[in-house]
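Before any questions on how it binds or moves, here is one chain, the form predicted alone, in structure tokens.
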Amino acid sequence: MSGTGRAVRAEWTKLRTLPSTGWLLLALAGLTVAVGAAVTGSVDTSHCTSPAGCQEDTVRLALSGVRLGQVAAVVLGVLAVGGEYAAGTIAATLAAVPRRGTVLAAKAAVVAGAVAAAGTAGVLASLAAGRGLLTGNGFTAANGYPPLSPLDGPTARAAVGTVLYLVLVALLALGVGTALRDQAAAITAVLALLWIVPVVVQFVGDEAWRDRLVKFAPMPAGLAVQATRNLDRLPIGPWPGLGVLAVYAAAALLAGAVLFAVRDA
């Protein structure tokens, strides 16, 4: 087995043996499903002039739980590196694998894989729950809303994009955690980065400025990938929006890698 393979195996062993890992992955999937079901179940066609005239994006409703589920991805990404600094075991890790770039790459691969697995489970379960709830709320094929299916093109893109969104958020957290070392500070910084613009946007009166903020903020831009209706009205398209989040994640990982390389353990 190559040095990189051994590093990945070691990081996976460390991550899966942490008591918090299983709970965080369960929380990621569970919160995504539960919150998505609650939001979806609260919306029906009674507020529309006619059921067929509703403009609700039912796929986006079903996947809305990712906004809360991502908190677990953030915590997991930070703990993957911050836990070692807190426990003082990072020196042992670097003694076993001196190449720090390899260590960080292995951590990124393991975190991405774990979050992708939990995210996929959460997304598929959210679509299944939404399929049943929406039909009972008037969103039927007769009213122009075919049942949710991951085999439908736009729905599949939203589903895959949502899983990628969770992975990128976790990698963003890993990069920030590597740069800051302190777990509480890193978690706070990432959650603030994700949530501050959606809060600020509510108080911005100018529509042009609201669109600018949404285009370049990681969470609003990244979650554009969930949209399946009225795409021409979005401030930023689904894949370009996810690309904005990818830039944030790459920048965080690059900053973390540089600081990881130049600082003492």
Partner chain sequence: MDATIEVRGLRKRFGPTVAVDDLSFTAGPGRVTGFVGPNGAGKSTTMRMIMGLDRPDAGTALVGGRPYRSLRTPLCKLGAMLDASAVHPARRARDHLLWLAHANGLPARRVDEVIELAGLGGAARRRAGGFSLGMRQRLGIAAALLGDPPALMFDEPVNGLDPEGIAWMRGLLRSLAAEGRAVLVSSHLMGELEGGADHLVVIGRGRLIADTAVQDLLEAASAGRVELRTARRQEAMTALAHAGATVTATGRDAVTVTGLTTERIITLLTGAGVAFTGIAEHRASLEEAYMELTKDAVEFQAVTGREAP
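Residue numbers count along the first chain shown, from 1. Please read these numbers as outputs of a predicted model, since none were measured by experiment.
The form predicted together with its partner chain is left out here; the points below concern that form.
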* Can residue 83 be called a contact residue for its partner chain in the predicted complex at 4.5 Å between heavy atoms? -> yes
* Does any heavy atom of residue 157 come within 4.5 Å of a heavy atom of its partner chain in the predicted complex? -> no
* Asked: Does its partner chain come within 4.5 Å of any heavy atom of residue 87 in the predicted complex?
  -> yes
* For residue 137, is any heavy atom within 4.5 Å of its partner chain in the predicted complex, or not? -> no
* Structure fact -> Students should find that, of 109, 189, 116, 97, the residue having a non-hydrogen atom no more than 4.5 angstroms from its partner chain in the predicted complex is 97
* Region of this chain that lies against its partner chain in the predicted complex, out of 146 to 154, 88 to 96, 168 to 176, 121 to 129 [heavy atom, 4.5 Å] -> 88 to 96
* To do: Sequence order please: the residues of 20 to 36 with a heavy atom within 4.5 Å of its partner chain in the predicted complex.
  => none
